[in-house]
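Only one chain is given next, in structure tokens, and it is the form predicted alone.
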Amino acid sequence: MKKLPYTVRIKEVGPRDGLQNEKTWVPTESKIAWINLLSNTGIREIEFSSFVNPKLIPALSDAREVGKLIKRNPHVTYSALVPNQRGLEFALEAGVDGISVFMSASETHNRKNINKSIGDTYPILKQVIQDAKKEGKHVTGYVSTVFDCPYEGRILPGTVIPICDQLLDLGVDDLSLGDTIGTAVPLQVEELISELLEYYTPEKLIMHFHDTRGMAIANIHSSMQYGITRFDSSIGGLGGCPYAPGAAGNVATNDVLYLLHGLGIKTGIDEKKIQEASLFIQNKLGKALPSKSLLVSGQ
């Protein structure tokens, strides 16, 4: 086994990626209270919402209000997903510290998700990235379906790398690579990361795993052996993509911490406070969350 890292950084995406697919409306004041809880867990980055058209993602239609009213922890970076210029204007108004732009490695998924071809997506992202950078904001480029697509099947590394190149050329600071439908296995992860590391340093890469087939924790372990130390996760395992049929939630922050702390890897995150924040949103949604660690703690 290759050497594991000493520390790992987790970005909490539950308030955005976790809630975007939920049918139960979480009131604005509850979102704010939840994010305030997350802000005091030791997590250093929270993706608090998405500035997409509210008609497309009604669960996050209060993004501006949430961004303006959350209690900011000076040790936490508050970011949001931004699709276009109008979304960026609203995000800046809400006081984001950083933004994420997004596209897919799969042409079909990109059209379903953004309603544009991959080629037609770049000019829109270019302007958003440039304007965000002018405002001094950190920009992450999300690339979805980097392993498998619900419409096209297996996505090869040779398809992913040119998209990563283009996003970096447009000015993103780092790349978050998504197993959007949660079907990747460690061998696929190792193949992709080993090829990416021929072009980029590990510090440029963030892995974003969903847990449809229960492989997310194994995939994170494999990623760390290749020097990856940054991961997106969602508290309690909330999540799912509206444009990826059958996709389960993101890997649960609770379960990632159980793995990392069990391996002696430092995160700076308090697991007890994560559990409290998980139970808070579980109560608001009125359903059990899929995190294995949360289920154990609640027994």
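Start at 1 with the first residue shown and count on from there. Everything numeric here is computed off the predicted structure, so don't read it as measured data.
Beyond the structure shown, there is the form predicted together with a small molecule, which is absent from this document and is the topic of what follows.
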> Which of these residues, Thr159, Thr108, Asn84, Asn73, gets a heavy atom within 4.5 Å of the small molecule in the model of the complex?
Replying inline: Asn84
> From the list Leu259, Leu37, Leu69, Leu56, which entry has a heavy atom within 4.5 Å of the small molecule in the model of the complex?
Replying inline: Leu56
> Which one, 185 to 193, 87 to 95, 159 to 167, 126 to 134, holds residues whose non-hydrogen atoms are within 4.5 Å of the small molecule in the model of the complex?
Replying inline: 87 to 95
> Do Tyr78 and the small molecule come within 4.5 Å of each other in the model of the complex, heavy atoms counted?
Replying inline: no
>> When the contact criterion is heavy atoms within 4.5 Å, does Val52 count as touching the small molecule in the model of the complex?
In response: yes
> Would Ile114 count as touching the small molecule in the model of the complex under a 4.5 Å heavy atom rule?
Replying inline: yes
> Is Ser144 one of the residues lying within 4.5 Å of the small molecule in the model of the complex, judged by heavy atom distances?
Replying inline: yes
